[in-house]
Each structure stands twice: as C-alpha cells, then as structure tokens.
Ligand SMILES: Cc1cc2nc3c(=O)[nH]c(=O)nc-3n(C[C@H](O)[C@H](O)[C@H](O)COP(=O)(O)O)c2cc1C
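In the block that follows, a single chain appears as structure tokens, in the form predicted on its own.
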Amino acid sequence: MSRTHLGSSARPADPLPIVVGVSGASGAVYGLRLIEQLLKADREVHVVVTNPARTVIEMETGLALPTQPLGIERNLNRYLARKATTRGHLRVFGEQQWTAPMASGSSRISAMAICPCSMGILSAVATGASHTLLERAADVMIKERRRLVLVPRETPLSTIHLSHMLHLAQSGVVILPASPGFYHTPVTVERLIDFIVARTLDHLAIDQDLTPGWGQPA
C-alpha cells in the first residue's frame, strides 16, 4: 500500500478518509468524477476498483487500469492530474486486500460511496455477503452506523433489485440512483454527470460547487 500526494503536501482538513468503491455498472465517469472532487476538497480517499469496473472504465473513458492496486493508483493519479488540480491523498486497495483499514470497524472512516453501484454489488451488500473488500467495507459501514451512499445505475429495475434497495434504505443506507435532473438546464453531458456527483457529495457531507441547490442562483 502506498500513499500518493496530489498537489500540495498539506494534510486534509478532516483526517478521516472517505471510501469510494467503483463497481462494474455503466457510468464509470460518475465514480471518477467523484474521486476527483473529493481530492479537490483536500480529502483522503480510499478507493477500491472491481475487476469488472476496470473493463467498463476502459470501455467508457479509455482509461486503462492494471490489475495491481499500485498500478491502478499510478494511472488514476495521472488521469486525475489532467482533469483538475487536486490536493487530497489517494490510496487504492485490492479487492482481496483484507488488511485495508476499511475492512474493520476499529478503523475510523468518515463515509463511503459505491459509485456507480452494480446490482451484483448492491445484492451482496444487502445480504451481507462480504466476499470482497468492497462488500466488507460496505458491511462495516452499515454495522457501525456510518454514512453509506450507493449510486445504482440500472434500468429497468426488477422486483429483486427494488426489494434489496428497500432493505438497504431501511438499514440507513442512502440509495441515490444515477438519474440526473434537468431543472438546472444542462447543455453538456458533463453537467448531467455533475448533477449526480454533486448530490453524492452532499450526502457525504462534502461542500461542493458543481451544481446549485434548488432555488439557489446558478
């Protein structure tokens, strides 16, 4: 495991890290944009990218990620450095890296998001499967009563999907579908992406200036 410093070497204002899981659902750009904004906010971000997600990320963005965490971390840093000036700290963990802090409730984690969240991962979280680090991390967030946001990207939704979402919502999990609004009159795909990322940041208690709230000036 390594810690990579992006931009300034100052410590984040809040030392508690935020976990971001990127699963194999379509909409990889949501997760990448979320990581970028968290780093821009000077946060320490712990990232898990599933193997299906690596395939989808390359298909949808052209970003190729290797299998090893250090390689993923290196390529993500290069990709994000081209997007914006970031100040936070990025750490990438493997799917079977059980020594990662997020695997235990004894490690303090500020919040977690799985963005985008596939129905397979959502099902595993809903049933407490914990076969991978990402699933275990989500399970820890639920049992420790910490903030967990899932951003599912699927359509249409089956009865199974909906029942899992209901069960998770009743357990305190925020279900935030990747369904962008249009009241901010978006004219680019990026603006639609930012709508969902902004709402996710709101629920992670991170200040954002991507989109204004309802009734606020643009």
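Counting begins at 1, following the sequence as shown. Just so it is clear, the model here is predicted, and its values are computed rather than measured.
Only in words, not in the display: the form predicted together with the ligand, which the text now covers.
*Asks:* Name the stretch: of 52-60, 168-176, 181-189, 38-46, exactly one has residues whose heavy atoms fall within 4.5 Å of the ligand in the predicted bound form.
*Replies:* Of the stretches listed, the one contacting the partner is 52-60.
*Asks:* Since only the chain is shown here, I'm wondering whether His164 would be in contact with the ligand in the predicted bound form (any heavy atom pair within 4.5 Å).
*Replies:* Result no; His164 lies far from the ligand in the predicted bound form.
*Asks:* Within 4.5 Å, heavy atoms only: does Ala25 come near the ligand in the predicted bound form?
*Replies:* Answer yes; at least one heavy atom of Ala25 falls within 4.5 Å of the ligand in the predicted bound form.
*Asks:* Would you please decide whether Ser118 lies within 4.5 angstroms of the ligand in the predicted bound form, comparing each non-hydrogen atom pair?
*Replies:* Heavy-atom contact with the ligand at 4.5 Å: present for Ser118.
*Asks:* Which residues in 151-170 have a heavy atom within 4.5 Å of the ligand in the predicted bound form?
*Replies:* Sequence-ordered list: Arg153, Glu154.
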